[in-house]
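Form predicted alone, single chain, as structure tokens, below.
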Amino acid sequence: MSTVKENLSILKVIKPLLKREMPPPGFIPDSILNGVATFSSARGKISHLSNLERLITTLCHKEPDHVPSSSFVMSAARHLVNASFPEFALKPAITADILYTVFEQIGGELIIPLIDLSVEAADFGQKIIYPENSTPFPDYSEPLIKDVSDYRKIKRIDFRNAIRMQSIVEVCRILVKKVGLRGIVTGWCFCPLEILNMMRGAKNFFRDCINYPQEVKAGCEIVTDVLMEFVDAQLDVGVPVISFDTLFASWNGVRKSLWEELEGTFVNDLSNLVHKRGALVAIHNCGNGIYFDSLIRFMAPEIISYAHLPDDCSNNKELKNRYGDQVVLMGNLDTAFLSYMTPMEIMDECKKLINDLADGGGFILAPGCEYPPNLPLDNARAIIKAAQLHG
């Protein structure tokens, strides 16, 4: 695990510990963090840990009482508060209410504010369609980047006027206050290539990455400048972890050397900012053949959330042996299973993952990507129950 910066004094950390409370792990000095994890791991063998103790123990690669988990339920829970897709996407108070209701009614230790893929692109000026019965998506009949020359013309927006990114910050602020020390709220940020893809369209964007890498990099630089403010703002409201979506660092994106050339420097800047602020870096990537080695080299993440195996591993046990001591592994229940398996079958699949990945700590059980947005929540509850029973 990478070194956690000491953002709080020892006194500020010890005081809540004496009250049997704990600040989020990104703000605990390493010596205390490891001491708490060692104690919690031992105590977890005879008693039930709190959500935060369980996460801290896992982040320190020690075994808790059972593996922590996340259902990764986002807009699928909108019916719990009688909200629509557009309301979930555009009204931060409603978004926060939905995510908090998931935390309260379904469970898990992590709250992840993944709203939809078009948040940052919308603020840069991409026209977005907001259907009543599905997640928002770009209107590709009017792409913001119409020609390869447009990458250098992307407007460097004033973050104070970035309505949708500001709404994510507000969601984080509300959730951090409501959840308190009962769990961890992460921030969320899509990385530059995925944002540019939302403004260009996949077919043209992949071609541009290969044929015009310098133009794409120019666009990345403009976008990253704003993302730095976006990440800073989320950290300012108290999230101890920022989750970065790095889809293009996989076989579904571009070849490894090209990803490193195009995005490596920029994600390095973003992750360095997070670590300098004393928080933790999480990576989410639902692509096939994810480039674990490159992501670790450029971003030094504490957590990698993945849907499919990395390009250099053939099964989860090999993944655990190769990378399990470097990062906390989060995943990788196939979201397709959630659509047709029964809750009991889902629990069986979760048990297999736990058997492969939980030994020695450093594993969080979760779907490989967002819980399907129009699916009933029975299987989400099964994931959390499996973590408690089999973890």
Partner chain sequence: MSDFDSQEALLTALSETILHHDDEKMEHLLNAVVKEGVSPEKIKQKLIIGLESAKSRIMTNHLSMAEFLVCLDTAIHGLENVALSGSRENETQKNNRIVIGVVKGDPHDLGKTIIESVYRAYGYTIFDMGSNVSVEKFLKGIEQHQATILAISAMMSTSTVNVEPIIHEAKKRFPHIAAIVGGAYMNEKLATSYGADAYSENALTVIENTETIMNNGR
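Positions refer to the first chain, counted from 1. No experiment lies behind these values; they were computed from the predicted model shown.
There is also a form predicted together with its partner chain; it is not shown, and the following applies to it.
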State yes or no: in the predicted complex, is some non-hydrogen atom of Thr335 no more than 4.5 angstroms from a non-hydrogen atom of its partner chain?
yes
Does its partner chain come within 4.5 Å of any heavy atom of Lys203 in the predicted complex?
yes
Quick check on Val254: any heavy atom within 4.5 Å of its partner chain in the predicted complex?
yes
Does its partner chain come within 4.5 Å of any heavy atom of Phe159 in the predicted complex?
no
Options 171-179, 315-323, 151-159, 254-262; stretch whose heavy atom lies within 4.5 Å of its partner chain in the predicted complex
254-262
Could you spot which one of Asp311, Glu87, Glu229, Glu221 gets a heavy atom to within 4.5 Å of its partner chain in the predicted complex?
Asp311
Partner-free chain; cross-checking its partner chain in the predicted complex, the single residue of His79, Arg207, Lys127, Lys276 with a heavy atom within 4.5 Å is Arg207
